[in-house]
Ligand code: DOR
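Coming up is one lone chain in structure tokens, specifically the form predicted on its own.
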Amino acid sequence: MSDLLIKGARIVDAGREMAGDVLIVGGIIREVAEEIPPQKGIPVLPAEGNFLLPAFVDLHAHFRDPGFPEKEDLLSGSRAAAHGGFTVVSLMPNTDPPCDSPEVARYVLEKAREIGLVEVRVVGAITRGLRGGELVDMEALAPYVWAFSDDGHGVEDHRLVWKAAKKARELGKTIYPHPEFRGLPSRELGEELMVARDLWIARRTGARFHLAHISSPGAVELVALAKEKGLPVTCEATPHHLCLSREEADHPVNPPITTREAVEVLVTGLVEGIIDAVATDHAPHTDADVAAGVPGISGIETAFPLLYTRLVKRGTIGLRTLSRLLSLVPARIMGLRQRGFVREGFVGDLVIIAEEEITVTRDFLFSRGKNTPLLGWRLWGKVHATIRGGEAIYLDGKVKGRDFDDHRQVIRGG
């Protein structure tokens, strides 16, 4: 945890906008005011009129470690997250071996702590080996995970999901389903049927459910009905499902990119609060995977500029709303308090955004995965700095550790 004074920012969070300075001491925001004088011994980071927001929190990402370092590992994924403005990332369990035991969960958490860039949270598997046949030892995994998911595949055995939900409620954890029954006439029908099944189980058990990457209009309608009933249910949508249609982005991803009409329904659900949060579903792959048509988008570095360009600059939502969707609500869903606002007493995790245009190229991406339909696109909203606990972990094209060893080399001394 570090000390830092940020000067001359346009401060925006889910609750307010103001021009001013932010003082972080010991990793915690001590003061937010129109003018804070320099403090002896505390470095100063000039924001130069750029936006200052709470750093982003990603509910849903894949860093491929253990098992697939050629796609991504915890270091490259952490660097990409910092580049994208994220300081907290929740990692899904479909690794090799999968996160179905305390040993794998501890490996991920300990390695991420050693790297020391972003805070990693872990999602444990629902079934052993992600095979859908036998529940994991949820009690043994519970100290290391915030939720349980077989992401990549929906758990089709109703009895298993029922048992998992009851156990998750007992443990105070969340069920995080991948909504898809396979082998049906359409992907949308498979999503909607599983959403309906899981919402009914949530109603009967009282367990918290958070639904991954909602993409169909019918699923949005079902979630709206569940919320009217007061069920303990939240859901997310991805930047690519909210901003891209299949007419303009021919790229394989699961669930598939949808039609313009479906995108309009998703965005309406976002505006109306039916969709609670935006999560990247960052899914890096190798060039060989891409050539073979393996689905997935490397999206943690383009999430903010894509959403800012397509939704904020067009007037669909405001920047305060986007902050709520990327920071405050994801943190609340994960049970993280004192995050999501630029306020006294909150964690000093912040991101500085410049109103500048970027071009998405392979060299722009820090992730090993270059699999994105956005290559060559020009987007607005450049991440200038990512600050975790008062320390710059990304600043003006450089990541802490590999690119600069001491943030005081690039931040004015106090």
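Since we're looking at a predicted model, the values are computed, not measured. In case it trips you up, residue 1 is the first one in the sequence shown, and so on.
Just so it is clear, the following notes concern the form predicted together with the named molecule, a form of the same protein that is not shown.
For the options His178, Lys173, Arg197, Arg121, the one in contact with the named molecule in the predicted complex, meaning a heavy atom within 4.5 Å, is His178. A heavy atom within 4.5 Å of the named molecule in the predicted complex is found for exactly one of Gly218, Gly152, Gly129, Gly335: Gly152.
No residue of the trio Pro69, Arg79 and Arg368 has any heavy atom within 4.5 Å of the named molecule in the predicted complex. Interface membership of Thr259, defined by any non-hydrogen atom within 4.5 Å of the named molecule in the predicted complex, is ruled out. None of the heavy atoms of Val290 is located within 4.5 Å of the named molecule in the predicted complex.
In the predicted complex, the named molecule sits within 4.5 Å of a heavy atom of Asp281. Not displayed here, the named molecule is approached by Asn254 to within 4.5 Å at the level of heavy atoms in the predicted complex.
Heavy atoms within 4.5 Å of the named molecule in the predicted complex map, among the stretches 37-45, 351-359, 57-65, 381-389, onto 57-65 alone. Residue His213 is the sole member of 203-232 found to place a heavy atom within 4.5 Å of the named molecule in the predicted complex.
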